[in-house]
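The chain below stands alone and is given in structure tokens; this is the form predicted on its own.
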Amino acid sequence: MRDALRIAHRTTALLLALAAAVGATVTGASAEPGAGKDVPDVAVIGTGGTISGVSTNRVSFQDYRSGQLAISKMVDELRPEVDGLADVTTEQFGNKGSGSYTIADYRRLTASVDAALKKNDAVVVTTGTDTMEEFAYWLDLTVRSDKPVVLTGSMRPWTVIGTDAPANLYNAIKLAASRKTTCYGTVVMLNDQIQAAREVRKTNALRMDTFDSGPTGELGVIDQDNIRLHRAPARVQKCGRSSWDTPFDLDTIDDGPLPKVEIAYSYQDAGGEAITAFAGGGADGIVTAGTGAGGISPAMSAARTEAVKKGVLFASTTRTGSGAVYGSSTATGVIGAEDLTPQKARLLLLLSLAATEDEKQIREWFSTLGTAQFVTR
């Protein structure tokens, strides 16, 4: 894996050198906007969340109003420290809790990030932690540039004693400015830890060390002036190639509403009414969060069979939080999502259905893009 990472960084460096030499633009590894400057250009896009929250008092760690501070004010409070890292500009995309955003909002956020990356060397996005893992995976699947995209937030509002908010924002800007995660896709940076968008999940409702990446582990850490990367996402192997991009180019997908995909949770003696209702309500796809290796109750299974007959496509996941659901390659209408969490399988299924109606192609995307692994030679 270390060899693959070194090769990827060498590839990026070579492409940048070639671009500078001939004055040409190389897809995914173009001459940098900050080239020739003392510091890189970093755009910080604010969407709200706890990090921009205002507390009732200095010790009301859970009692606060989310999405109150402007991102420009938060960045200004970190000057002059961040000025030594990057030329930082800000954009206020929104200012509310992460769970209040819609898929249509996600689509607009991708457009904002793409636009910012055309003018900057990297982008930081601040958001709430409740659905941060979904924000991250969406951007990982839809942003077209291989420049660094770093998400951050906080578990405590900006205005309490011991808040993690300023440190997380500062470290996110530091990581973005370093450009060490070029070709990594979107990463999450909180609590000094760097996590990959595909694996990261929130594991605790209140603790500051809530985010981890399960069995795969974190990508690395930030220890004051030291950014230490221990591993890389598998897609880094494709750095500098057109195949680095995912197939989900939102500019080529109709502007109308994206497909409707829901999640049905299984448990002891679970009824099939949720699946029946989702299918009857116009769902194009449904993700089942099953027991063990994707098991669902008999009633849910019967409802799923009927929904498949009506053209609904299913992705099968586990509610356990780790492990994999492989499914059957011959089971029409049901795709094993391996170790994707239900909420991330939903996003991959949603984007897949937006791009094609070909179930075979969607299966391929789940087994390659959705479960990307390093290829050894």
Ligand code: ASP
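One-based numbering along the sequence shown. Quick caveat, the model's predicted, so the values are computed rather than measured.
One more form of this protein should be noted, the form predicted in complex with the ligand, which is absent from this view; the next part is about it.
Of the heavy atoms in Thr50, some are within 4.5 Å of the ligand in the predicted bound form.
Contact check for Ser154: a non-hydrogen atom falls within 4.5 Å of the ligand in the predicted bound form. Heavy atoms of Asn120 never reach within 4.5 Å of the ligand in the predicted bound form, leaving it off the interface.
For Pro148, no non-hydrogen atom is located within 4.5 Å of the ligand in the predicted bound form, even though that partner is not displayed. Contact with the ligand in the predicted bound form, judged by any heavy atom within 4.5 Å, is made by just one of Arg231, Arg144, Lys202, Lys180: Lys202.
Contact with the ligand in the predicted bound form, defined as a heavy atom within 4.5 Å, holds for exactly one of Thr186, Asn171, Ser98, Gln195, namely Ser98. The stretch from 216-224, 240-248, 123-131, 275-283 that comes within 4.5 Å of the ligand in the predicted bound form, counting heavy atoms only, is 123-131.
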